[in-house]
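Next up is one chain by itself, shown in structure tokens, the form predicted alone.
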């Protein structure tokens, strides 16, 4: 089976089906396949073609809430291990990151927020004045202060989208594209999955379908409140080295990093237009202009570059903005990993932790607070 990555139709029977071919799904399948399990990935469209492909690739601890710092640290470790231990080129870099503030109010907010993170175990340096200019002379003089975290990193969504599926196949997994799930039922101690490419029976089911995860869970009588954002991302032409750090903004309105090929990814959670129910997603040109204006105001040299492409992608979010992953309530042998704001960052850790649950191993980090059952109890309200 090794090397048989993409197949036209699903097998009639398999041990484990992972529904969703983004970073969480591919990571789950990778760890299970490397453990010798029979796993097939079912993707409704092109693997890596939705949220994971429409992502800025920022892996920043500084932008995460204290509740998820341990999970984020684990995920950064897994991102690093992909290349260092598994020879999977995901374009990982860890130059450290600066989280910037440009006004007095933002500086005060940065001090308050970073102190909360310090108490949560995050290590960083406060920087301003000459110290900040010496580290990052390419920053605008409008940047008054920043925190520098040595652990902040990035990976390349483009490289990851080819490398992780290939690694799944090398480990013995199979991937079926354009296999949208049309029906899902509990059957004979497992699950029967109807797809547009054919049906299969499995003992274990893992739902990692991003914004479609809620629809799949409802097929198994689990109504999880999952909302969908439409985020925008832009990429510039290749350029000589400008940025040697990951850049984020205390206002949550900017992310910047320069990849090895010289292109600069510009994000920041700016919302595009569209309706998930109607499968529509477009760039919003007013908000795009605001995003680009913010980027240039922080790094003026960006104004010299041409924008190559802007696109939009869906992101699933829980009401409390925390990840929801673990056992699917009231369904033995079923698991879900969904609704993580910043899911590209968390995907590898979610894949590892879900695989540990299936393999009956102790979790690499506590996950109780992320139990999807909390969304059924009103605990998020």
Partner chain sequence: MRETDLLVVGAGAAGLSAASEAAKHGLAVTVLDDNLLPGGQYFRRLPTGYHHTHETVFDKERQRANALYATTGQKGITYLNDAVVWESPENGVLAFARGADSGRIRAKLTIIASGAHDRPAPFPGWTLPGVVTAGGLQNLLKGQRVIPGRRAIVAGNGPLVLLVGATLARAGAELREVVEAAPILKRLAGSIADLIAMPKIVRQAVDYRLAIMKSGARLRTGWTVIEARGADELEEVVLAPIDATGKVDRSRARAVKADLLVVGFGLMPSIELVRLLDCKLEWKPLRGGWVPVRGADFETSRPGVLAVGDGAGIGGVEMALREGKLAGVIAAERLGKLSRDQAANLKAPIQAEIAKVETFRRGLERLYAMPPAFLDLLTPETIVCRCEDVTAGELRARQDAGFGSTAALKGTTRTTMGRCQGRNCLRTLSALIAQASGQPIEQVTMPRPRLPARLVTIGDLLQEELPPIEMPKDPHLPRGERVS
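Numbering follows the first chain given and starts at 1. These figures come from a predicted structure and were not determined experimentally.
Omitted from view is the form predicted in complex with the partner chain, to which the following refers.
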> Does each of 162, 165 and 225 have at least one heavy atom within 4.5 Å of the partner chain in the predicted bound form?
Replying inline: yes
>> Using a 4.5 Å heavy atom cut-off, which residue among 84, 286, 199, 260 comes into contact with the partner chain in the predicted bound form?
In response: 286
> Just one of 269, 91, 172, 95 has a heavy atom within 4.5 Å of the partner chain in the predicted bound form. Which one?
Replying inline: 269
> Only one of 135-143, 190-198, 153-161, 75-83 gets a heavy atom within 4.5 Å of the partner chain in the predicted bound form; which is it?
Replying inline: 153-161
> residue 186 near the partner chain in the predicted bound form, any heavy atom under 4.5 Å?
Replying inline: no
>> When the contact criterion is heavy atoms within 4.5 Å, does residue 327 count as touching the partner chain in the predicted bound form?
In response: no
> Within a 4.5 Å heavy atom cut-off, is residue 294 in contact with the partner chain in the predicted bound form?
Replying inline: yes
> Hey, in the predicted bound form, does residue 305 get a heavy atom within 4.5 angstroms of the partner chain?
Replying inline: yes
> From first to last in sequence, which residues of 197-219 have any non-hydrogen atom within 4.5 angstroms of the partner chain in the predicted bound form?
Replying inline: 211, 214, 215, 218
